[in-house]
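Quick setup: one chain, the form predicted alone, written in structure tokens, and binding and motion questions come after.
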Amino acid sequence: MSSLRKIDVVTPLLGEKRGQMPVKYCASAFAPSNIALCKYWGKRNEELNLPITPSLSISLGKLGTTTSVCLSPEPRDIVTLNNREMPATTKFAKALATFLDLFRPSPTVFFRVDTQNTVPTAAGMASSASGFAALVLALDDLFGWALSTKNLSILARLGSGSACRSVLRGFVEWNAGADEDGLDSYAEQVKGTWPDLRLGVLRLSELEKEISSRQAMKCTRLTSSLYEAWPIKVSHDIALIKESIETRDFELLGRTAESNALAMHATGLAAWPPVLFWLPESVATMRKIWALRKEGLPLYFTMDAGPNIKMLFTADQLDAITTEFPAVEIVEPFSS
């Protein structure tokens, strides 16, 4: 087991820039949430958020996080989420303060962090991914680091694994890497756009999950009898998804993404104690999608570690989708 800490990665990555004071008083940035079409599920190093397998995602357009970081006017960190100040004892505020410690020039320098989420927090909608990605982008501007996208991706990963993918837009692959320090584990954009690809977000619950993604994947990796097949499944699926992007084969994309999501959730069901994110509404929606597809509607879905469902379809099916799912939120990943 590696004894490396996050600071051991940050220090060489920032070099002489680490420990310098910000070059401006405030900075702000937006990062989109992302949904993995081939999932990230299991870590080889929990401290550095290094994955066992690669993963591949698509960004969710305007759904995500806007974060501003300023020097605090008070001798303490101030954290707000959707205009509400978070007590320092909350999990959210503690996580941000711990992450900011990696870049704090001195113990007497404090920050005000204002976060606006357009996705529910801790409900399986990748709010931590967009949150830490937006925070890193804002810090890069605040301190004037001018880091490469690769290094920004690595820093975001230290906050939340899938945040490394939210630094980029469109189709994004997270390289698993093999190095102990994780400097070869970062996200890269996958070549190819798909202008008529659409996602439909169904917010079935905005409540915080009973078990975090971090806890769930650890339990699954350590106890699920199905987990040993997961890396094989990922290797197979990620190749098919890349092929579907290159050839714009929607059926291949949808079928592979849906199969991958169900396989991820199946590994959790086989863990002990079982990990189940689905609600009755999740199952009912899956059944409805399967029935519609059987009737000829080309519609697929994917799910991250939560109860909410994201549908995959093409622009020509928009009227049918909005008729069947009036509450759906439409995302155009490649819209300007």
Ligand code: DP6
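Please read these numbers as outputs of a predicted model, since none were measured by experiment. Throughout, we count residues from 1 along the sequence that is shown.
Missing here is the form predicted in complex with this ligand; even so, the following discussion is about that form.
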* Asked: Quick one: is Arg214 in contact with this ligand in the predicted bound form, heavy atoms, 4.5 Å cut-off?
  -> yes
* Using 4.5 Å between non-hydrogen atoms, is Gly161 touching this ligand in the predicted bound form? -> yes
* Asked: Is Met264 one of the residues lying within 4.5 Å of this ligand in the predicted bound form, judged by heavy atom distances?
  -> yes
* Asked: Though only this chain appears here, would Asn49 touch this ligand in the predicted bound form if you measure heavy atom gaps against 4.5 Å?
  -> yes
* Structure fact -> Among 22-30, 66-74, 300-308, 281-289, the stretch whose residues bring a heavy atom within 4.5 Å of this ligand in the predicted bound form is 300-308
* If you look in the predicted bound form, which residues in 6-37 sit within 4.5 Å of this ligand (heavy atoms)? -> Ala36
